[in-house]
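What follows is a single chain, given as structure tokens, in the form predicted alone.
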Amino acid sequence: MVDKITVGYTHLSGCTGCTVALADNYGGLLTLLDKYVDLKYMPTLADARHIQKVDVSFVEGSVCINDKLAVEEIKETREKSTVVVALGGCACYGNITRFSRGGQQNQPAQEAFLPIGDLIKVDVYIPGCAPTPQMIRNVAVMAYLLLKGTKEQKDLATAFLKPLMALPVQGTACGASTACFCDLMTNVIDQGLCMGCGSCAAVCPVRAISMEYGKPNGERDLCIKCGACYAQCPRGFFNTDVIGEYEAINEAIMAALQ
């Protein structure tokens, strides 16, 4: 029996799109749960709903600071987890919840939301709205290899996770806990790195990016600050640290999923 890592899933204020993305791994998810991951708690996929001590916690959604229970849950998640992963644009940067206001009939008290990094220390960001199923799967596999693998596997996992671990520390063009099209403009387009592939426009959940004369053009008034465009860009943060090990990393992931 493989020595599994323990995983938890804390669901705060979000649309459950990240949970859907996780489930969209289908057979890959079943392989992870069978061989590598002991899912200790999750509102939708596990009977246990209370936060427990685990190796890795995935957190979906931002924190409503008007909700005492939500604030307590995110702090308890940090206390009981070796590694905390912010999953999706809401957990990483606040996303569309930054624009939420109270007064609605069903939730009159929920007026202010913050990304989880504003309240606790976060170890890994997986931006996107929602992140791709493959990215969630790959991070789970690499987390296992980092904690339980051989030295060679740990080195590959470190190379893969390093850019994602740097995001909570280095911040973005708009500040430490927010993201927008400015990251593409500052770090890719202004550096002459954009190749006009259109990936950013395709992934934007609110169609705030259009392609003009072969280059992306962002509408600031439409941007919900989810970080999906920069996360998807092949010339963005991920490429420079991982590209040299791409084949070895991909082989390790595929071998783990057999």
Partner chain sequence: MGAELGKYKSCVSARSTDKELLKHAQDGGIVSSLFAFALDEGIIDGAIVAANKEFYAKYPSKCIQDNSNLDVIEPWRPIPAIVTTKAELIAAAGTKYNLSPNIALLKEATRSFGLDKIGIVGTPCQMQAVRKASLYPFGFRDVNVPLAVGIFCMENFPYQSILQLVEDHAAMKLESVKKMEIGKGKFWVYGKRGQVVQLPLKVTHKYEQPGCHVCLDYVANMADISTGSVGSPDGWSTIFVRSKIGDSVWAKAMAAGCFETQPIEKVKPGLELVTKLANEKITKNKATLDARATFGVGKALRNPYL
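Positions refer to the first chain, counted from 1. Each form is matched to the other, and the largest set of C-alpha atoms that superpose within 1.5 Å is called the rigid core. Keep in mind it's a predicted model, so treat the numbers as computed, not measured.
A second form of this protein, the form predicted in complex with the partner chain, is not displayed here; the remarks below concern that form.
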Pick from 29-37, 62-70, 43-51, 202-210: which stretch has a heavy atom within 4.5 Å of the partner chain in the model of the complex?
202-210
Work out which of Gln110, Thr132, Thr178, Gln153 lies within 4.5 Å of the partner chain in the model of the complex, going by heavy atoms.
Thr132
Is Cys15 part of the interface with the partner chain in the model of the complex - any heavy atom within 4.5 Å?
no
Partner proximity in the model of the complex: Pro115 to the partner chain, non-hydrogen atom cutoff 4.5 Å
no
Look up in the model of the complex whether Met185 has a non-hydrogen atom within 4.5 angstroms of the partner chain, and give yes or no.
no
Residue-level question: is Phe237 within 4.5 Å of the partner chain in the model of the complex, judged on heavy atoms?
yes
Looking at the partner chain in the model of the complex, which residues in 136-168 have at least one heavy atom within 4.5 Å of it?
Asn138, Ala159, Phe160, Pro163, Leu164
Please determine whether the C-alpha atom of Cys233 is displaced by 2 Å or more between the shown form and the other one following superposition on the rigid core.
yes
Cα displacement of Ser199 between the shown form and the other one reaching 2 Å, rigid core superposed:
yes
